[in-house]
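There is one chain below, alone, in C-alpha cells, taken in the form predicted alone.
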C-alpha cells in the first residue's frame, strides 16, 4: 500500500489548463470522428492525418520535457489526449507506446544524446515508435525470452523473433527486448535496444486478427540484425528496470483508451435511447434499457477517477504500480461492458456498421488481455496489495 505522505493531492476537477487541453483535443478529434476511423480501416491505412494534426498542435508530447520539444507536463496530460481522442470514436493504440512507453523509457533511462536524438521527433509526432517484447514461448514470463543480442565490437547482433508487435507499418523505430547473457543464478540478463524498422534483416508478417483498428499487428523476425552499441537504452543486462519504468504509463494509457471508448459508446446509446421510439415512447424510458446504461456510466466514472489518481501518482514520482494496475483492470472491464451494453441497447442495429459501435468492441476487449492480462493484474494486487503468497 502507498504511504499517506507519499500521495499527491488529487483535484476532483480539471485545472483550467487541463480543461482547455481536454476541450482542444476533443474539438480536434471530433473534426475527424469515427467516420475517419472507419475510412482508414477500410483503406488499410494508418491514421496519418489525425496523428499529424495532433503533433502540429502539440498534443503528441505533452508528457515530454520542454527541452526536448514536449509540453513539459506529465502522464495526466497525455492520458487526457488519449481519452478525448478515444471519446471521439478514434482510439489510437500507438499512443500507448509512442510517446507513452517509449517516451518514459527514453527520457528516464536514455543518455542525453539519445534523448536529443529521439524525443523531439516523438513529441512532434514525426517519429513513431513500436515495441517488441512478447514471444510465442515466453508469454508473461519475460525472463524466458529467447531473442538474443550478441556483442561484436561496436555493435550488437540481434537474432530471434517476436509476436504481437503493433503499429510497425508506419513506425520508424522499434524498441526490442533481448537476452544478452545469463546471471549466476541462471536468470536471463535482458537488454533493450532501439532498432530501425526498415533494417533489411528485420522481417515482419502481418497477423490477421478480428479487431478493427488502423494499427496492424505483426510477428517479427531478426536475422542477424546489426545494431550500433549506442542504440542500447540503459545498462546492459538491466532492461527489466528500464522496461518497468514504462509499464505504469502503458497501463494508465490503456485505461484512458477504455474510458474514452466507453464514453463514446454510452453517448451513442443514450442518444439512441432518447430518439428511438417503440409503442409510442422512447426506448430509454424503459428501465431495462436505462438502468444497464446508467450502471455502465457509474463504473466508467469510477475507473476514470482511478486512472487520474494513478497518473497523478506517477507524475509526482510516487509509487504508482498499484493504482496503475487497478485503473487498467477497472477501465478495461468498464469500457468493454459499456460497448457491449451500447450494442445491446441498439438491438440489431448495434452490429450495423452505420451505427459505429460494434467495430470498437475488440479494441477495448483487447485491453482485458494486453498489454497485461487481468489475471496477472489480480496476481499483482493479491501479492503486493494484500500480502498473499505469489501464485505464479
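Positions refer to the first chain, counted from 1. Since the structure is predicted, the reported quantities are computational estimates derived from the model, not experimental observations.
Below, we refer to the form predicted together with a small molecule, which is not included among the displayed structures.
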Is residue 313 close enough to the small molecule in the model of the complex to count, meaning some heavy atom within 4.5 Å? no
Does at least one non-hydrogen atom of residue 28 fall within 4.5 angstroms of the small molecule in the model of the complex? no
Residue 131 within 4.5 Å of the small molecule in the model of the complex, heavy atoms: yes
Residue 375, heavy atom within 4.5 angstroms of the small molecule in the model of the complex: yes
Which one of 104, 176, 165, 95 is close to the small molecule in the model of the complex, taking close to mean a heavy atom within 4.5 Å? 165
Could you spot which one of 139, 228, 282, 108 gets a heavy atom to within 4.5 Å of the small molecule in the model of the complex? 139
Among 157 to 165, 195 to 203, 115 to 123, 293 to 301, which stretch has residues with heavy atoms no more than 4.5 Å from the small molecule in the model of the complex? 157 to 165
Does the trio 247, 319 and 325 actually contact the small molecule in the model of the complex, every residue with a heavy atom within 4.5 Å? no
